[in-house]
Every structure is written in C-alpha cells, then in structure tokens.
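This document starts with one chain, in the form predicted alone, laid out as structure tokens.
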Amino acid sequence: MFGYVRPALDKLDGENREKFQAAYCGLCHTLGRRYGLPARLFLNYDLAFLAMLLGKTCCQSPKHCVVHPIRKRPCACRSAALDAAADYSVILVWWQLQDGIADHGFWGGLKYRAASLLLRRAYRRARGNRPEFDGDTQALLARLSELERENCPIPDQPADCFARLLVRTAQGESDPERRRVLEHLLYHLGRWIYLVDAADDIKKDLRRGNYNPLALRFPHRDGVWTEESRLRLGQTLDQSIRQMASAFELADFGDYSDVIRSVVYEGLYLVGAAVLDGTFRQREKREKR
C-alpha cells in the first residue's frame, strides 16, 4: 500500500532534489543499521516523506552503498526522525505482509510468507522499540479487516482506519502544537494513500475477487472508471490534499519545507491523476528505466 508519496522532482531545483535523495538514502542506511539488510529491501517513498515531516534539519554526509558502490550519494545524517521512520516502516511493512498472507491463500501467499521470514527478526526488534505503535497498528488493521469482511461500501470507513494509523507516527513529537499539525496532515495523508491505492488496484482486485470499497461505491466498466466516477474520485482525493496543505502552512518544516511543499502542492496531484487515468504504473516503469 506504499510508494505513491513523492515530490514533482522535475520541478525541484538541484539542491532540493538532493535533499529528497538524502532523506531517502538516509532512511535506507538507517534501516540497515538498525535492522539489517532485509529491512532495506522494503524501503519506499512514503516513509522517506514521513522522515522529512518528523525531522526539520538536513545534515548530509555522502556515502557508498550496495546499490551505488562506486559513486557516493547524498545521505542524511543519523537522527531521531530517521530512527523513528525506520521503526514505523518495519512495523507497517510487517503487518502489510501478514495481511497479504491472510488475503492470498496458501499458494498466493507464499511470497508474503517468504518476505515475512526475512523481516521477522527486524519486526521483533522494532516492536520492542515501539510497542505502543505496534499495538495500535494491530488494533486498527484488525478493524480494517472487519470492514473488509463486511464488504463495507463506504470508502471513508476503511480509509479512516488507515488514516488514524498514520496519525500514531506523530506521537513522539514533544511540541503539542506541532504534534497537532502533524496529526492533521498525517490523517489526510493516510486517507489519501488508502483511497489512491484502492483506485490503483481496482482491476487486480476485481480479477482476484478482493475487497475494494471504491469499486462498490463508484460506477466503473470492468475496472475502468466512468467520467463521472473519475471526477468524483478526483474531488475526494483533492479534498484530503487541501487539508494537508492547510496543515503544512501552520508549521515550520525547516530544511525540508520546499520538498514537502512540492509533494503536497504538486506530487500528490500528479500521482492521483495518473492513477485515475490508469497511467501510474506505466509512468513508474519509465522512471525506473
């Protein structure tokens, strides 16, 4: 359910592209330092964005890594924000894998079981570091599973579960005013991620007979949205982005302000439009090439 949160890199200047790259690489190195190589395999854009939200300063120290053994890459220095993002990342990915095991039966769930074996030791360590977050994650995902079993046709109910889960990642912020801003921003980020993921997965879910609240709520033709549905889905996605923007303007995000602004005011809109048009995966392939 991850990989959608990214800035509009082509519109960022070189300095801010480097800051985004440094946060991404910094989280990767932090995952390796705290949890070993297997945890680094589950790195994604969304948790790098979380690290930028939680940390205001961007100290960089160029480093080599397995993927870039020759040329050093900009890498954010060790920080409490990166440590927290790494802990949350491992716990969220672990429970995402457990959900995959439950949803795909024995044969279909084999890849999720294999990934869980790789991540088991890291998860146990992360659970020890963040027991409250792990407990909250289990409770909210259990509620989400109930809604799926009930075939809930109201998208905002399951989206609320995932949104409240992301809100818990702000619990370590000591400044109460800043914490409220983060909680509001993270709530609507979680809502947006859940809904855009459901929109992106509609064809796959229909083919496999999986629960998809958007397919139950909005008209489509074999997984292709009607014009009316595309418009209405775009409006509900944009509603959450506007709420995120309102929260963003209330706090100082330090060195990462311009990158976060690019995500909120440009990147999310671009990703949402590509998902609703059915071109997001094709764009991902082009970017990887």
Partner chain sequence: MRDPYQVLGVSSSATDEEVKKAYRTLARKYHPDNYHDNPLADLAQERMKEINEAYETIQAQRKNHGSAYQGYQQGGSSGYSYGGSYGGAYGAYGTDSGYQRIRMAIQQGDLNLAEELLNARSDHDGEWYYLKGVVCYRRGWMDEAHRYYETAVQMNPDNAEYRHALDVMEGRQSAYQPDGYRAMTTAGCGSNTISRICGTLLCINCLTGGGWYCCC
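C-alpha atoms forming the largest set that superposes within 1.5 Å between two forms make up the rigid core. The shown structure was predicted, so the numbers you read here are calculated from the model rather than taken from an experiment. Numbering follows the first chain given and starts at 1.
Missing here is the form predicted in complex with the partner chain; even so, the following discussion is about that form.
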item	value
Interface stretch in the predicted bound form with the partner chain - options 167-175, 133-141, 210-218, 79-87, non-hydrogen atom within 4.5 Å	210-218
Triplet 73, 155 and 250 all within 4.5 Å of the partner chain in the predicted bound form via a heavy atom	yes
4.5 angstroms heavy atom contact with the partner chain in the predicted bound form for residue 237	yes
Residue 187 within 4.5 Å of the partner chain in the predicted bound form, heavy atoms	yes
Distance check, residue 180 to the partner chain in the predicted bound form, heavy atom within 4.5 Å	yes
Residue 44, heavy atom within 4.5 angstroms of the partner chain in the predicted bound form	yes
Contact set, 5-36 vs the partner chain in the predicted bound form - heavy atom within 4.5 angstroms	6, 7, 8, 9, 10, 11, 20, 21, 24, 28
Rigid core fit then residue 273 CA moved by 2 Å or more between the shown form and the other one	no
C-alpha of residue 13 off by 2 Å or more between the shown form and the other one on rigid core	no
